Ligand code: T46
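Form predicted alone, single chain, as structure tokens, below.
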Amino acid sequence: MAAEASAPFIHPAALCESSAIGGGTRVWAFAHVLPGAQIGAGCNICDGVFIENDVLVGDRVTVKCGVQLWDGITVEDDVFIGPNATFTNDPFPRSRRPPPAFSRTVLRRGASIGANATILPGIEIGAGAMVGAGSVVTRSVPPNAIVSGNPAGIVGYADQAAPDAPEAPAAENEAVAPLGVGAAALYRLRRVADLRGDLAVSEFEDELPFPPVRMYSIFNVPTRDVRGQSAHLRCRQFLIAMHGTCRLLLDDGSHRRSLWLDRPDTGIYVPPMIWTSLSNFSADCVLLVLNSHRYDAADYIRAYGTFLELSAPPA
């Protein structure tokens, strides 16, 4: 950390008008930093970068060549921004007619933006998320999600190459299988099949992890939309894809797993203090959710940073 404790380095060919530059930060040739910008310690601001006034950059951030950070952009610690990534701050720009206030765009801690990606205004790139090169990001990106394409969609999650299918437990008599994320588990419902059709059934008191007191279903979700993005303090959940498919992310703060829900005879038990995110809904998806408690807004944790703080083991 000695480098970060030292004075910042400003290349002689850079124009750095801000005095709020952290120790150990390097501002290279032909970069231009306006007076109101704030840049943290240990950053690397490469050649040809432009940083406007109302911009906040955290510590250990890398901004590669050809990037412009406009008013209204916040970049948290440990973010990587690839060459020629493009940021915008006005959804309806007109020449010499600025809006009353520019849209706020936030890149959360540890996010990575690939080369030539375009980030539309007013969205949030979640902590640890990765944006593929050349992608056009039109909606906020969940924590740890990997997105690519135009418009960008979720193609995976960091630290996991591909989502697992929610396969039934291997042993014929094994009705429950742990998923390796907290106490989350896969439940195989009893299935009865004959010429008239198939039936999946469970007795709440005997075969499910809790007796439900509330249910709801999610359907008609646009395929690029993301649901969930929260954890519960007390409420337990049980998820079944009654029709179609969707992707579920489970995260206990230390372990993460992404899997497909695509079987009406398979349920996923989600205990309290597990962060969930639902994405990649098929057009015909109908997701049934059973809850152990009635709706209580105070039971939700909706900020991923807060969830990580609450789920961290005691020091």
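Residue indices: 1-based, along the sequence shown. Source: prediction; values computed, not measured.
Omitted from view is the form predicted together with the ligand, to which the following refers.
- Contact with the ligand in the predicted complex, judged by any heavy atom within 4.5 Å, is made by just one of N89, S135, N144, Q237: Q237.
- Checking G182, G228, P83, G244 for any heavy atom within 4.5 Å of the ligand in the predicted complex turns up a single hit: G228.
- Looking at Y216, you'd find a heavy atom of it within 4.5 angstroms of the ligand in the predicted complex.
- By the criterion of a heavy atom within 4.5 Å, H232 is counted among the residues contacting the ligand in the predicted complex.
- Proximity of I39 to the ligand in the predicted complex falls outside the 4.5 Å heavy atom cutoff.
- Contact check for Y300: a non-hydrogen atom falls within 4.5 Å of the ligand in the predicted complex.
- Just one listed stretch, out of 51 to 59, 273 to 281, 64 to 72, 28 to 36, contacts the ligand in the predicted complex at the 4.5 Å heavy atom level, and that stretch is 273 to 281.
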